[in-house]
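A lone chain, given as structure tokens: the form predicted alone.
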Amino acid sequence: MVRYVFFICMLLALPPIAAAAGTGRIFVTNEGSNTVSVIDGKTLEVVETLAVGTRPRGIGLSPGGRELYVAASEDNAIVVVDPGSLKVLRAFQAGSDPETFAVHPNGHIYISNEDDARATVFDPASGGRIAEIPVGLEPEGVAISPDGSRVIVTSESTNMLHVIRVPEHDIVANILVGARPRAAVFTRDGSLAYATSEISGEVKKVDMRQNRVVAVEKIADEKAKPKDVLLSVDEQTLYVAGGRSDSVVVLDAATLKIRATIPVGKRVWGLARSRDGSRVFSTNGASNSVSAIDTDTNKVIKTITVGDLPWGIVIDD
């Protein structure tokens, strides 16, 4: 039976979750081989491969780093793994096709359920569903502001960013963007967000106080299908997964002007950044590889072979 939690008004007041020491590992979902590749962050070698269910895509860590969450899309489940022992701890049903998710500072998971045009909120400790929020067609990316007060869900077919208020879990804005928005990221103060639009080949800068797009940059390469997006530690630089352009595009976060284009593997999907910002990693779906990028030189320092169709990536550092 689904357990509903009625005291969500207290979510933001929960105390911080104690952090575990990072394992230094990099975790990569391989949707084609139904596995997670475990990479040693120092040697950049694959040290283990975990079976985690059917078509794993989204991946993330609990706020304290004690648990690793994997979205097994075709099993309609979130699989919970101990990032230290690499043992599967449990799994819980998470709605239809839980492709992508983000973890709130209070530990709850916000999931885009692509088939149902909904975002759902789950407590991963109990597997209980806390809230269900109707959004646009084919919800995809999920981003949470650092203070936990806002959530963005992108809807691919509705071409919108849906801004959800927490803990009320109601939509406060629907921001129209370019065709097929895929991913978004907030700045630390939550005043701005950046989002990618795959079909229109664009990156958007969004004022989150006024809920409006304030700048747009089209990726020059016509093959580019931007997917993932992340910010540098100092928030001066934006990294965008170029999709079919087989590159990671580096932009000035203030102006959105392109600074560099870094060739990586084919069909770039996911991105992750080391805590100190010295490296960015990309998952290259059609090359079955991960590229490790030195952010000082904007060059690939190593290409790591992983499973089939790598998609999501997270660093436990």
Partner chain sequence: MRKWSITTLTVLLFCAGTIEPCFGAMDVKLVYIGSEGDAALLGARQGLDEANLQGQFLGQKYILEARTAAAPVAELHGATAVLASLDAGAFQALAAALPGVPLFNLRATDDALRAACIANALHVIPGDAMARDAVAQWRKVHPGAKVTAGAWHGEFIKFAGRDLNKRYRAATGKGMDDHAWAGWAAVKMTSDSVARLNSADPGTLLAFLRDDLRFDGQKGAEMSFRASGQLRQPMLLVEDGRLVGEAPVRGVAGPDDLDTLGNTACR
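Positions refer to the first chain, counted from 1. Keep in mind it's a predicted model, so treat the numbers as computed, not measured.
Keep in mind that the form predicted together with its partner chain is not shown, yet the notes after this line are about it.
Checked against its partner chain in the predicted complex, the residues Asn159, Thr120, Asn106, Ser145 give one hit for a heavy atom within 4.5 Å, which is Asn159. Listed residues Lys205, Arg244, Arg150, Arg129 were compared with its partner chain in the predicted complex; Arg244 is the one with a heavy atom within 4.5 Å. Across the options 221 to 229, 183 to 191, 234 to 242, 121 to 129, residues that bring heavy atoms within 4.5 Å of its partner chain in the predicted complex belong to 221 to 229. Annotation: in the predicted complex, residues Ala102, Val172 and Arg212 none come within 4.5 Å of its partner chain through any heavy atom. Though the partner is left out of this view, Gly84 does not reach within 4.5 Å of its partner chain in the predicted complex, counting heavy atoms only. The closest non-hydrogen atom of Arg267 lies within 4.5 Å of its partner chain in the predicted complex. In the predicted complex, at least one heavy atom of Glu74 sits within 4.5 Å of its partner chain.
Its partner chain in the predicted complex is not approached by Leu89, whose heavy atoms all lie more than 4.5 angstroms from it. Applying a 4.5 Å heavy atom cutoff to its partner chain in the predicted complex picks out Ile171, Asn174, Leu176, Val177, Gly178, Ala179, Arg180 from 164 to 184, in order along the sequence.
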